[in-house]
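Next up: just one chain, as structure tokens, the form predicted alone.
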Amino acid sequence: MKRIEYGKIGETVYSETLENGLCCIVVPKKGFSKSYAFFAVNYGGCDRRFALDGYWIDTPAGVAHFLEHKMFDTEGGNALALLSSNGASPNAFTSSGITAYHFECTENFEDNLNVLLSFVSVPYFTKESVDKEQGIIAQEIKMGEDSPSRVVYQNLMKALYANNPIKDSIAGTVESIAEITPETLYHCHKVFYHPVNMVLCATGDLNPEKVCEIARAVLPESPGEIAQRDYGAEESMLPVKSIIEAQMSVSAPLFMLGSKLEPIADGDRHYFRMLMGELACMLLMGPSSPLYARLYSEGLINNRFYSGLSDFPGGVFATAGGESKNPEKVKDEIINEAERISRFGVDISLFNSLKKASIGGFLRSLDSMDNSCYALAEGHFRGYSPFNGLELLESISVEDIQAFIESAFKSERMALSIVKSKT
């Protein structure tokens, strides 16, 4: 196995690519009572159009999420119940680019890992179970349509992006999931759920060789083929529309602002930009910034205000949001503050303070097993190691931050989504 020591953060990572193409990544934590496993597929809500051998297929919105729900069904029962009865706490999720199945436990790790790998790699669907799940997920979708926080986000995606599937809900619509059949699920599982398109991450008081041994014994020998993916025509850096509004039952207007950024294919450069962008957002409008203090004192934001960067297959955007009596004014103030920093420079004292805080937050995040495994999986799919984050954070300069703020927060790239009260 390949062994890399990250001396500055006190972590050692073992990794091996098995004969079937699966990448196994293990971070031993000697003496820890809890262990964690994270089995992820490079397949999410945005992967709706794909090709093998040049033959293109379009699938309904919501298939990746639907498949995640159904993967716990096995011919012998339910894997979720089996893991729970064996002392594990299992769960799963689907994002725009990843589907992941994971568990934590304090005992029976090897048995639970065997169960996890088995049910994820062997699909079992029936028409009756798919029909039943359509009703369950339809209710989930309707609940999302009644959630102001989901509506404000989804509307922002529709305002920002013309072609990328991120503009549609990961769960799909009631109409789109009605098109899903067992054959749809079997086909998408065959295309994406194979070793070369997956990664297994584990951490705890574990033997890395044993983790690989279990994966070898359980998973298919064939690596499978990597599908070609299509996320739509190339996006303009301008949004589809600058503002989008909805009316719902909210006590105060809810808003979300987004600014489109150019995607970066290179993994290390992408990771650096994500870390730098988070720090830039903190400096521009985070809780320690002059802008935040001013907006808060004027009653334009409250302590629910947030900002940061978000990425997905084919795109990335800077965002800010929360509650405000005047979201348009908040947007204008953010643009004005970005222009001021571009013209007069970054506050060096604030930069140094926030950079130290970012480094501290990064180091604390390593204490979370689920955060570490998720970051390792995402890094594997994107081509970088998240454990290089400390060195990258330390390398960020004032000039980097100023250049990012100047380019990222231009008014013409921004869209504003608002959910207003019906009354």
Partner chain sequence: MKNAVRKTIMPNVELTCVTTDKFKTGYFSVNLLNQLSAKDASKNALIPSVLRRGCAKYPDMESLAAALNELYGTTIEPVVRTKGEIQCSGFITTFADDKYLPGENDLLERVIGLTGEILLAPVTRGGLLQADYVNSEKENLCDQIRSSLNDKRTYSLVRLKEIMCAEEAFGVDRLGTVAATEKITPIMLTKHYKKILENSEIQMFYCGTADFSRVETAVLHAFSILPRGEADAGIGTQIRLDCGEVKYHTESLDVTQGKLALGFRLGETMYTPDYAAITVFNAIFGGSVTSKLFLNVREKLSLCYFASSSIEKHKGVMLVSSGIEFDKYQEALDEILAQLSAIRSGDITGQELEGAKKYVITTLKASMDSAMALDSFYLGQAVEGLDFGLEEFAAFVERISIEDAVAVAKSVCLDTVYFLKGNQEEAMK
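Positions refer to the first chain, counted from 1. Because the structure is predicted, anything quoted here is derived from the model rather than measured.
FYI, the form predicted together with its partner chain isn't displayed, but the following is about it.
The contact with its partner chain in the model of the complex, taken as any heavy atom within 4.5 Å, belongs to 323 out of 323, 245, 268, 235. When you look in the model of the complex, the only residue of 336, 129, 106, 118 with a non-hydrogen atom within 4.5 Å of its partner chain is 106. No residue of the trio 196, 308 and 371 has any heavy atom within 4.5 Å of its partner chain in the model of the complex. Only one of 359-367, 374-382, 50-58, 37-45 places residue heavy atoms within 4.5 angstroms of its partner chain in the model of the complex, namely 359-367. Within this chain, residue 11 lines the site of its partner chain in the model of the complex, having a heavy atom no more than 4.5 Å away. Remark: residue 87 counts among the residues lining its partner chain in the model of the complex, judged by a heavy atom distance of 4.5 Å or less. Among residues of the shown chain, residue 354 is one whose heavy atoms approach its partner chain to within 4.5 Å in the model of the complex. Under a 4.5 angstroms non-hydrogen atom cutoff, its partner chain in the model of the complex lacks residue 223 among its neighbouring residues. For the partner-free chain shown, 249, 250, 251, 254 of 230-268 come within 4.5 angstroms of its partner chain in the model of the complex, judged by any non-hydrogen atom.
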